[in-house]
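The chain below stands alone and is given as structure tokens, in the form predicted on its own.
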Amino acid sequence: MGGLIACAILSGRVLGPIAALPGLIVQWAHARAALDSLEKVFALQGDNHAVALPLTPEHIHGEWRIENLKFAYPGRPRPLTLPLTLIRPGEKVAILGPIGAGKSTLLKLMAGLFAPGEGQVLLDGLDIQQIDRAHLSARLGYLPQDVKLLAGTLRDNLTLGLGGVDEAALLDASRRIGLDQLIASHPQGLDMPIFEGGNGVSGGQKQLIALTRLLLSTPAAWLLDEPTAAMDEATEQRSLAVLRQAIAPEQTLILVTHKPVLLGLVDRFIVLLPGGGVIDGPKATVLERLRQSAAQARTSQDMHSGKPEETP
């Protein structure tokens, strides 16, 4: 009997490591997959890739020079193409065009978030990919079309990364843009919780939060992508009034929009055409060209359909 018990104990100790092998193999596979994923992340190009000492210019004047730009997303056959384009300091420019023409992509290239496949994007005569990313982000007021908020409080999302913002300036900017109504309606006020991505607040409220943060950052140049797309008419008019007051005459404004009401902020149009062409010029001149093109298209359509041309 003692021998049998000893054999059972010994066999259990011998077979224990063997029984643990499948679990160890599974853990090793998970560890290897995690290591491969980390290696791929570290292999990606980061900000200021291959630039050992990025530039930190003291002032951003807001002059963009785009030279023979080409950019395409993976799997997209038609790239965004833009010939030589110059935007001078203090100009107020609207980038227009149909859906999918590359307006938001062009704005991201001008903000330095994307690197062009070919050509150059120069800011104040410097390649924008050679300017320090943190320095550039602190001086360019970029507002994306799809606003993403961080998990935390409303105060965190308004002041994160901004130094020297006191509560008086925070409340004043919130009152000017209309965010004070959201603050007053929540029991926790500025400490109201925000979930990852901005869940818990509406699209219009997310844009109000982003605009308030933009006002607090006091940028040297403004790049706005559909800044009022999710707002109602009253909130939109209030935001436009604040933007007119905040954007100084010497500051550059680049605006992407489909809303005619926002075009009062600009005096120059850059229209991206579906075939890759560009119409660039003063607002009145470009509008007249677009009217003529629309009239010619209607005339051609009437001729092909066999309908008599209507007398105006």
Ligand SMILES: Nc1ncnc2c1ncn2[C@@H]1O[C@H](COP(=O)(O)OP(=O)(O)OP(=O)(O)O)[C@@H](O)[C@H]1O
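The first residue of the sequence shown is number 1, and the count goes up from there. Given the structure is predicted, the values throughout are model-derived calculations rather than measurements.
Keep in mind the form predicted in complex with the named molecule is missing from the figure; the text below concerns it.
In short, of 93-101, 209-217, 127-135, 177-185 it is 93-101 that has heavy atoms within 4.5 Å of the named molecule in the model of the complex. Under a 4.5 angstroms non-hydrogen atom cutoff, the named molecule in the model of the complex has Thr105 among its neighbouring residues.
Under a 4.5 angstroms non-hydrogen atom cutoff, the named molecule in the model of the complex lacks Lys70 among its neighbouring residues. None of the heavy atoms of Lys148 is located within 4.5 Å of the named molecule in the model of the complex. Mapping the unseen interface onto this chain, His258 counts among the residues with a heavy atom inside 4.5 Å of the named molecule in the model of the complex.
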